[in-house]
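Single chain ahead, written as structure tokens, the form predicted alone.
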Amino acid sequence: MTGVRITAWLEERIDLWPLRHFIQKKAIPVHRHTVWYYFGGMTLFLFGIQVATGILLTLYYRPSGEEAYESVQFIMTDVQFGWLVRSIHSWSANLMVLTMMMHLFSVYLTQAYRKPRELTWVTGMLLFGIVLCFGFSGYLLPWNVLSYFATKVGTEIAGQFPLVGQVLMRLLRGGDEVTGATVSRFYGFHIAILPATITVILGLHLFLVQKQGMSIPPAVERAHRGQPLKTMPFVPNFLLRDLFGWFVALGLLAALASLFPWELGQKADPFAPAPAGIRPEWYFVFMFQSLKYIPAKIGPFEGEVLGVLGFSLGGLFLLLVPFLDKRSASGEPSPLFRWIGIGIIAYIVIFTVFGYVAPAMK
């Protein structure tokens, strides 16, 4: 009854009919690829976990070279359940990147980027880039040995961009070297600039998804040509399935954080040599490993510069794929772009595995 009274109170002040109409009419297509629809909501749920735990961590974290490590140590040892909050924050960040990659490539392979959803794809790609920036900026904040040297390598790679590389590296570091100023700068990116940016783009992305509805893969459309496709109501059928997945994710997060608490490691020492086998977070390893295999010089060009350019062009290709894949836009099979997508996934998986099993080459 309380809910009814609240709804009636709101109805007297706000016209809720468009919202009620939208919820009543919203339906989800049911076909053999429906399972991929859940990964977008799962990513959003993990993002919510990131926001909640991140806010709690900011209450104690101190963003400076002198206090960053000690403040994280204080969170893990003296703050009640601080170790659990930090572990959930770290594990959920990794799971969010994983589910986002699965969401991205499922959208790619089902060609959900095709007309009229080009902007939905573009905003999704921008969100993916921002999430990677979240991971990169957050990795340094504990100011331990691994995060220090991984950030040093990562910013050096950013410095390889032609023309703007050195400016970009100084902008990221807040100077010529990775120092306490870099921690402060990354913290500013992590809790202010990136959240503000992602709020705007995420809002636009969700609006476009709701406006256009769920995409149906071209192969499913062709198979059901002339016949109505089975659907399920978003409320309550699909929403309950979403909630079930979120509870499973929450249980998995609690288990991972309890059984495998995120280690703090040793405090960063800029004067110490880099430890053997240093590598970035797993979602950057395929790029890191690829750069190791590229010769130092290819003709008159620096190998790393060409490698960075190659990855940049790859990202640009993915961003623009709705405008390049003309066959999908007209509802025709597009095997070339499907195989390109499969090749990209295979490349990421293979070089990530190499990054963990191959001996250090540098």
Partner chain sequence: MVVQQQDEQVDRGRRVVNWLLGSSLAVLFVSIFYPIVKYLVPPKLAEPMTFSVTLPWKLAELKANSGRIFRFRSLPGLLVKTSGGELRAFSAVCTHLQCTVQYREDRQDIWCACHNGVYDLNGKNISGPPPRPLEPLKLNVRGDQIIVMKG
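Positions refer to the first chain, counted from 1. It should be emphasised that the depicted structure is a prediction, and the values quoted were computed from it without experimental measurement.
One more form of this protein, predicted in complex with the partner chain, exists but is not displayed; see below.
Enquirer: When the partner chain is placed as it is in the predicted complex, which of 40-48, 322-330, 58-66, 302-310 ends up with heavy atoms within 4.5 Å of it?
Expert: It is 302-310 that comes within 4.5 Å of the partner.
Enquirer: Please tell me which of Arg114, Arg241, Arg185, His205 lies within 4.5 Å of the partner chain in the predicted complex, judged by heavy atoms.
Expert: Exactly one listed residue reaches within 4.5 Å, namely Arg185.
Enquirer: Looking at Ile294, Ala52, Leu336, Val30 here, can you tell me which has any non-hydrogen atom within 4.5 angstroms of the partner chain in the predicted complex?
Expert: Going through each option in turn, the one that passes is Ile294.
Enquirer: Report whether the minimum heavy atom distance between Gln160 and the partner chain in the predicted complex is within 4.5 Å.
Expert: The answer is yes: Gln160 has a heavy atom within 4.5 Å of the partner chain.
Enquirer: Taking the partner chain as it sits in the predicted complex, is Arg170 in contact with it (heavy atom to heavy atom, 4.5 Å or less)?
Expert: Although the partner chain is absent here, Arg170 would touch it in the predicted complex, with heavy atoms inside 4.5 Å.
Enquirer: With the partner left out here, check for me: in the predicted complex, does some heavy atom of Asp78 sit within 4.5 Å of the partner chain?
Expert: Looking in the predicted complex, residue contacts with the partner chain do not include Asp78, since no heavy atom lies within 4.5 Å.
Enquirer: Is Pro218 part of the interface with the partner chain in the predicted complex - any heavy atom within 4.5 Å?
Expert: No, Pro218 stays farther than 4.5 Å from the partner chain in the predicted complex.
Enquirer: Pick out the residues of 138-159 whose heavy atoms come within 4.5 Å of the partner chain in the predicted complex.
Expert: Phe149, Lys152, Val153, Glu156, Ile157 sit within 4.5 Å of the partner.
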